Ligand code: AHN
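Take a look at this one chain, the form predicted on its own, written out in structure tokens.
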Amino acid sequence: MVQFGNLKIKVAIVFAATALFACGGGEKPALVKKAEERVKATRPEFSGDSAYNFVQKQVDFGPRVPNTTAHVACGNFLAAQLARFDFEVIEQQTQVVAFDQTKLNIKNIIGAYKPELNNRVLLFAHWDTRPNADQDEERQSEPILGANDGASGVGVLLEIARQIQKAKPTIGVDIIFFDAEDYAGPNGSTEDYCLGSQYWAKNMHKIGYSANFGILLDMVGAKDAIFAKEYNSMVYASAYVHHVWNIADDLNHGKYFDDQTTRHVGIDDHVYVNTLAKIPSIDIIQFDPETRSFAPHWHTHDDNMDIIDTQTLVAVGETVLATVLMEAN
């Protein structure tokens, strides 16, 4: 996630959202009908310990920065896990040019459950880690472990994949681990970030691919995390934000899912999924509306396993999995 306070960027996003809705990419009438009926969500099976272990496995590889051996090894691990849970795996490999003209060998890892179905939900997170600790006071040029910023969203989605294998819902589910989300300089432009999702949205893994909606998980594992209603999510897909937050409330996770809407806090992978792929998508991301900032460990070396909490992983995992299972009914 790149953070900006530029009004021009904010206005541009609003215009882009208007264009998106004009092209028919707005919210689905079926979802609005469900919201009116307000069928309470049922708590699904989800293991916080399992999700935690998936986070730990990634961190054990070290920083997962493109063009490193740790990045290659972790990518192979993630693809193998999705295959183990009966997801059809596609590895979308390409080379992109980073902000500093470095050529990055990146890989978007895509897992498809019941790929033959047209009724689909898209879940995604980024799996790379930041190449520099620009918000730290020490070792700013060194990469971070990214336990929360990277590994937490992927860990929750791997546990969701494990539970989907067991539950066997009658809906298609796609899980994408986007690469090169965080490879940018401290003062990078919006286009410097989210290189993997930009590439995928322009070169989707399946011709004519679409999904009912998408959910991005970014920084979803820290103790006492607050997930306010993210600004861009409200611009592009507000009905889905309300739907997911209502499900969180049904499951007694309201202390994590705050009803306030954030100001514009930056560009994340879901923006390109909305604007380029035309799939209405929301972002569950830690951002405290009171302090108006990300967590203190953001883009620092303190983003390690010490800040990961199983209860937060459960709150997010149960909410997202319940959303998927409700869509199948």
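So that there is no doubt, residue numbering starts at 1 and follows the sequence shown. Note that the coordinates shown come from a computational prediction; the quantities given were computed from them, not determined experimentally.
We do not show the form predicted in complex with the ligand, though everything after this point is about it.
For the chain seen here without its partner, which of 53-61, 38-46, 66-74, 265-273 has a heavy atom within 4.5 Å of the ligand in the model of the complex?
Looking at the other structure, the answer is 265-273.
Hey, in the model of the complex, is I110 touching the ligand, heavy atoms inside 4.5 Å?
Contact check for I110: no, nothing within 4.5 Å of the ligand in the model of the complex.
May I ask you to state whether F227 is within 4.5 Å of the ligand in the model of the complex, using heavy atom distances?
No, no contact at 4.5 Å.
Going by a heavy atom distance of 4.5 Å, is I176 a contact of the ligand in the model of the complex?
No, I176 stays farther than 4.5 Å from the ligand in the model of the complex.
Do H299 and the ligand come within 4.5 Å of each other in the model of the complex, heavy atoms counted?
Contact check for H299: yes, within 4.5 Å of the ligand in the model of the complex.
Just give me the single entry in Y193, W200, W127, Y236 that has a non-hydrogen atom within 4.5 angstroms of the ligand in the model of the complex.
Flagged contact: Y193.
Who in 203-220 is close to the ligand in the model of the complex, meaning a heavy atom within 4.5 Å?
Read in sequence order, the residues that approach the ligand (within 4.5 Å, in the model of the complex) are D218, M219.
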